[in-house]
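Just the one chain here, laid out as structure tokens, in the form predicted alone.
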């Protein structure tokens, strides 16, 4: 009888040892996000259990833009922030020690793209010159949307200094146009596709493609201190996230992909059908990112030149 009890105890201990990470204690990472297409690989990795396989639980906090999430990162309120290259570089230049650990979203090779300046069909806005003296919605000021909006206005005959940039969260931009609060908006998918396909707005231009193709835009950042103190956790995060990238690229446009994206964007799955999604990436080439740093200097966001490689951790550089 005692032999049986001993055997049962050993078997139970072995079973506990074999339990998957999901059933054991997980390391919780607090992640600031923006509910847009760009974070699809993260949401997929959460849904498919890739983070749990790496011993991580993700606790997300939605924000209106990456610039909003970075102060929370600097203060320690979150561990990882999905933000844009401009806001991350700006914080790094201010001595906040931000470091990119995982790639997020890139723009496409050519138009149509994942982001565009849109206006009412009868607004007569087709170029930057048509926006002179008008109001343009951006999700936050001094971020990548704001920067490339300025660059597009100037590149297409307008005067960016004459444009009034108003901060409007992406989900509310179509309402802001409809209500006349703004004349146009720099909108991203899936809200861009929903507005254009529904006839509420039409595309005036694709700022990213006008300036540069395949721009590294969205990225996941931590502080240098967090990276130094938690290298294994960061590695596990990147491993799980990159599995999400692979799944997203292999299954983009599928019913399951649409259902996952619909769940966090709150858009009906049928409104996501037909989206042309550029491939998600695992690495960032500093040479592809450098033109963004140069534009930041041109438009006064940086006081001196910055090397793009200075904000990239080893985990996001090409091996």
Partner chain sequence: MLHRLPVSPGRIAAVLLPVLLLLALEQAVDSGAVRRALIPAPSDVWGELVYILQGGHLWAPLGKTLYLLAVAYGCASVLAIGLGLLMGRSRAVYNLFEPLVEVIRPLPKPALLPPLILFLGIGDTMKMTVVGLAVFFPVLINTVQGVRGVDPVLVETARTFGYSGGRIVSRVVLPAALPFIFTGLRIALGLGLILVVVAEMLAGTGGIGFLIVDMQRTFQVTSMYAWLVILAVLGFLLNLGFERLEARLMFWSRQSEGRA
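Numbering follows the first chain given and starts at 1. What we label the rigid core is the largest C-alpha set whose atoms superpose within 1.5 Å from one form to the other. What you see is a predicted model, and the numbers here were worked out from it, not measured in a lab.
Here the subject shifts to the form predicted together with its partner chain, a form of this protein not shown in this document.
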Checklist entry - in the predicted complex, do 230, 290 and 315 all put a heavy atom within 4.5 Å of its partner chain? => result no
Item to check | Interface stretch in the predicted complex with its partner chain - options 162-170, 207-215, 124-132, 100-108, non-hydrogen atom within 4.5 Å | outcome: 162-170
Checklist entry - Pick from 245, 153, 222, 182: which residue has any heavy atom within 4.5 angstroms of its partner chain in the predicted complex? => result 182
Item to check | Any non-hydrogen atom of residue 87 within 4.5 angstroms of its partner chain in the predicted complex | outcome: yes
Checklist entry - Looking in the predicted complex, any heavy atom of residue 96 within 4.5 Å of its partner chain? => result yes
Checklist entry - Quick one: is residue 142 in contact with its partner chain in the predicted complex, heavy atoms, 4.5 Å cut-off? => result yes
Next on the checklist: Contact with its partner chain in the predicted complex for residue 235, defined as at least one heavy atom pair within 4.5 Å: yes or no?
Outcome noted: no
Checklist entry - Is residue 90 one of the residues whose Cα moves 2 Å or more between this form and the one not shown, with the core superposed? => result no
Next on the checklist: I want to check residue 102: does it shift between this form and the one not shown by 2 Å or more at the Cα, with the core superposed?
Outcome noted: no
Checklist entry - If we fit on the core, is the Cα of residue 170 displaced 2 Å or more between this form and the one not shown? => result yes
